[in-house]
Structure formats: C-alpha cells, structure tokens
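Presented below, as structure tokens, is a lone chain in the form predicted alone.
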C-alpha cells in the first residue's frame, strides 16, 4: 500500500534570545531601555505561560518569515537527501506573511532557486497555530493520490514586529517568538499499517473567530486602513487581540477531544505512541491536556519555555529540538495535536 512519510525535518530560530527579564525593558524597536516599558516580570510570565525566553530576528528590515522558512527548508532538504529541484509542491503555513499578497510559498520557491516557467505548485494556508497539521493533511492526501511526490511543508512566523510593547499589549506580547520548521514528505510503499503518516484530522468552529484575531485592516471599510498607526488611541487594531480565558478553555477542550478521536480511530494506545507533541501556545494548556487526556507526562514534549509560541512552526520545531537533543529518534511514533485562531484544531499520528 502507498503511504506518505516524512523524509526529512529541519528547523530554524534566530540567534537573539529575549528573556522574560529583558522583554519588559524593550520598546517597539526591540531596543532595551533604562526603564521598564511594560508592567510585567519573569515570575508573572512563567506562572501564567511557562515561557522563559523567546527568539527575535534582527530589527533591521532585512528578514521576513519567508527567510525563516527558507533556513528551515534547507535543513529539511539536507536531512531528507533531497534537492530543491525535486520538490513539486510547497505548502507554507503562516499568519505573518512577508506582504499581504502574493503568499510566502512563491517567495520561498524563488529563494530555493526553483522558480520559472516549470515552477512547482505553491500553496499558502492561514490556519494560524493549526497550520502545520492542516498542511500535513494536505500533503498526505496529495501524495497518497499521486498528485505530488515531494512536498515541502513549512511553518514560519515572524511575530516580533507586530506586537504591542506596552502594558496594554502584554498578555499577547509576552507569548510570541520568531522561528520556522519544515518537513519534506514523499511516498512509501509498505505493508505495515503503522508506517509513515497513519492519521490526520482537522476541524474548525468559526463562532470563535473573533476571540483571537488580528485585523490590521478591514476590507469592508473605505479606506480599508482607517486609523493612524502612530496614534495610540486608534492603533490597537494593529496588534493581536485575544480573549485569553475563552481561548484557554476552548484549546484544552478541543485538544483533549482531538487526542481521544485520534486514538479511537487508529485503535492505538499510549503504549504504541512514543511522543506527544502539542502545539506550543501555553505550557499551562499543555499540562491540562496531558492531565485530562490521561497522557503519560514523560511522553509529552514541550519547547515553549525556550522559544515562546511560534504558531505554525511549533510542531516541527519541537520535534527537531528534541531530536537534536537525542531524545526523539528516527522511526519514533508521534501524536501531535494543535489548536489555533479560527477556532481551528487538528491531530496527526506519524513516524519521524
């Protein structure tokens, strides 16, 4: 039988480490000031989120999220032993594209040197924190039906340029970091029902769309950018808005249900699964999911402590982090579940 499988994995985070002690001193140019700019501290952030640090790109206007995706993709291609020219489809998941349109996938294609008249198919998907699992489901379907043979699935985010570095924005600002992760997927003939990608499922509930959102502009309005970005009384629309308690409760509920569904439909148990990799939005959410879904705590992998929430990048970034540390091994079976704005969610079971 033909299945899709992960051929290679790669990730990238910028060099700059921004700790909880430093972030409260940063202005909107990421410059450390003598006096605090935000009323927060290390204890407050760790207690509520589990985050200790995050990574930021240089604030020189030279790096976009497609560049972060490029660095992760190059590492995934090398890991897979695949050249960029062998890629016949790119799926790029991000909520922080370089520009409004065109999407990041075509920019990544060009940076990989595989653009031109015979360039591969390029998809951009906007499922926020659920983007990587949505992208994996697409790639799995494309490969199993023979549409494409080498699919590059990328999650890449540059959050640090779009956050409110004041007390007004602290609940969201402290959460996010910059980073990217990528996998190369391809076909595999196998008689084993537990090879490759075993399972994917995605869902959404649009009634929660405005509980976590970023407008920046509204196309229904004329002009569609109708505020002064420098006027603090008007510019809150520039920044992400979140009903934290509602997002927390819905995330736990959806992720627990998604994990249960994945196990029921595959008839697997935690004895079969090597690692649980949840989306890295908040360590307290992940701890609650582990508790209520009765997941063995020693099988849960987290990296939010080091990188913050990198949205569409968190799943491949977390797997690659622990693979580099020697914990995750080739052939290990992973159950991953995600939840994001939309509300969107999903789960996948696959071998790395």
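Numbering follows the first chain given and starts at 1. All of these numbers come straight from a predicted model, not from anything done at the bench.
This next part talks about the form predicted in complex with a small molecule, which is not shown.
*Asks:* Is it the case that residue 247, even though its partner is missing from this view, gets within 4.5 Å of the small molecule in the predicted complex, heavy atoms only?
*Replies:* Residue 247: yes, in contact with the small molecule in the predicted complex.
*Asks:* With a cut-off of 4.5 Å between heavy atoms, is residue 53 one of the residues that contacts the small molecule in the predicted complex?
*Replies:* Outside the cut-off, so no.
*Asks:* Given that the partner is absent here, does residue 158 sit within 4.5 Å of the small molecule in the predicted complex, heavy atoms only?
*Replies:* Residue 158: no, not in contact with the small molecule in the predicted complex.
*Asks:* Would you classify residue 216 as touching the small molecule in the predicted complex, given a 4.5 Å non-hydrogen atom cut-off?
*Replies:* No.
*Asks:* Which residue among 282, 96, 109, 200 has a heavy atom within 4.5 angstroms of the small molecule in the predicted complex?
*Replies:* If I apply the 4.5 Å criterion carefully, the residue I get is 282.
*Asks:* The small molecule isn't shown here, but in the predicted complex which of 262, 174, 252, 122 has a heavy atom within 4.5 Å of it?
*Replies:* Contact check passes for 174.
*Asks:* Based on heavy atom distances of 4.5 Å or less, which listed stretch (320-328, 38-46, 291-299, 59-67) is in contact with the small molecule in the predicted complex?
*Replies:* Heavy-atom contact with the partner occurs in 38-46.
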